[in-house]
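A lone chain, given as structure tokens: the form predicted alone.
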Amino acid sequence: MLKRVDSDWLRDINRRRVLREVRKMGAVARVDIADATGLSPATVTVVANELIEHGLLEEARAETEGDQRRRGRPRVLLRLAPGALRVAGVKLAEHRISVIIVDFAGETVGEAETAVRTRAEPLDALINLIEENIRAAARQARVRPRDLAGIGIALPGYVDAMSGTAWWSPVLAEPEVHLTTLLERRFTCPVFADNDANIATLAELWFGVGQGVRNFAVVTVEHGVGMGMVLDGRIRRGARGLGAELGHMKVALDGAPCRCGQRGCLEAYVADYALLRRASSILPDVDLSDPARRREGLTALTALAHDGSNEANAIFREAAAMLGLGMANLVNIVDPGMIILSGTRFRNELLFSDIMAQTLRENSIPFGPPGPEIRTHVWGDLLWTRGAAALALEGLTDDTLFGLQTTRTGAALAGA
């Protein structure tokens, strides 16, 4: 019995490895999968044929002249089968709900968006709005909502991805919201939820500059500060699913108040609301509770800094130094191969200035090879919606490979 279990487990792992390699490469020959994964060509062939039979992969012929000369005929490549399934990705921000529908290859086929102050909405009304936007995006994609194979939701705060519970979020009026349970009552497919920084990390892992990188971290700075980590090719969330909260790393004892209720958090010096709180003397009319007024205030503060305001530049210099200190702590603890700075705030060069890089360098362990590569990748809201879709795809893919899919998911795969 033990041998049978071990054999099944190994086969499932190999399926996952092959599928991820195809996802990473886009279109790839079986022999190249064997080279990249270390699996034998025979094993790759067996696994690939099973995935083709399940409708998850399809064959395509390479038409390049070089391949024809080398092989005598076009090579047969493997690629993800776009029509295998459709999933929805949802981003809950403080000022809007955004939804996209993607196919199995990750291409967007439908989208919808509603401007709304999410925290001001009663929970039932908010769930209604999420449902309406998913249905609107599905109509644009010409997909019946009941034919969606999964839904992924990104939101800020402390989110347990295993249970789908938002213990606390600045976009929800209530604590301890069982978000996935509430939405699964509206749809016939599984629903997944995660912290938006983990979602951003999934987007980079599946579709962005993190493809093919074994160890990296994503740092997002907007109204809050978030982080996601990929170690050994997989996202890591910690024992409680609440890990990688870079924004709540303490950088000052009894320091500035953070919106989480504690003091001295990195976020309390770097996030949008923190900058504007510091700028109250030069921007006295900014309403921190109003997202639109806050964005206007940040634009005004940035303009003052560009115009040479000493006070405005001092605020950005402190934020850059604090962010560099937080990233140095990250490097010293985790040693990532790459740090990806993501989110709309990194359009603002004042935040990731030479001060940030210098502080990072001066506070990192000074021995050994050079530190991680720092990359900037600005997606806008597309980052989180695509990441939420990747969350659903990853959840469905894992369930399928391990034979745990629900009847609904199995039907979606069989009917694709």
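All residue numbers are counted from 1 along the displayed sequence. This is a predicted model, so every value here is computed, not measured. Each form is matched to the other, and the largest set of C-alpha atoms that superpose within 1.5 Å is called the rigid core.
Although not depicted, the form predicted in complex with another copy of the chain is the subject of the following passage.
With the partner left out here, another copy of the chain still marks one of 297 to 305, 247 to 255, 75 to 83, 278 to 286 in the predicted complex; by a 4.5 Å heavy atom cut-off that stretch is 247 to 255.
Distance criterion of 4.5 Å from any heavy atom to another copy of the chain in the predicted complex singles out 236 from the list 178, 96, 236, 139. For the options 106, 170, 145, 241, the residue carrying a heavy atom within 4.5 angstroms of another copy of the chain in the predicted complex is 241. Put simply, residue 336 is close to another copy of the chain in the predicted complex: some heavy atom of it is within 4.5 Å. With a 4.5 Å cutoff on heavy atoms, residue 35 counts as touching another copy of the chain in the predicted complex. None of the heavy atoms of residue 125 is located within 4.5 Å of another copy of the chain in the predicted complex. In the predicted complex, another copy of the chain sits within 4.5 Å of a heavy atom belonging to residue 263. Remark: all three candidate residues (43, 227 and 364) come within 4.5 Å of another copy of the chain in the predicted complex, counting heavy atoms only. Residues are counted as partner-facing when one of their heavy atoms sits within 4.5 Å of another copy of the chain in the predicted complex; in 114 to 143 not one qualifies.
With the core held fixed between the shown form and the other one, residue 46 has its Cα displaced by at least 2 Å. Annotation for residue 37: C-alpha shift of 2 angstroms or more between the shown form and the other one, rigid core superposed.
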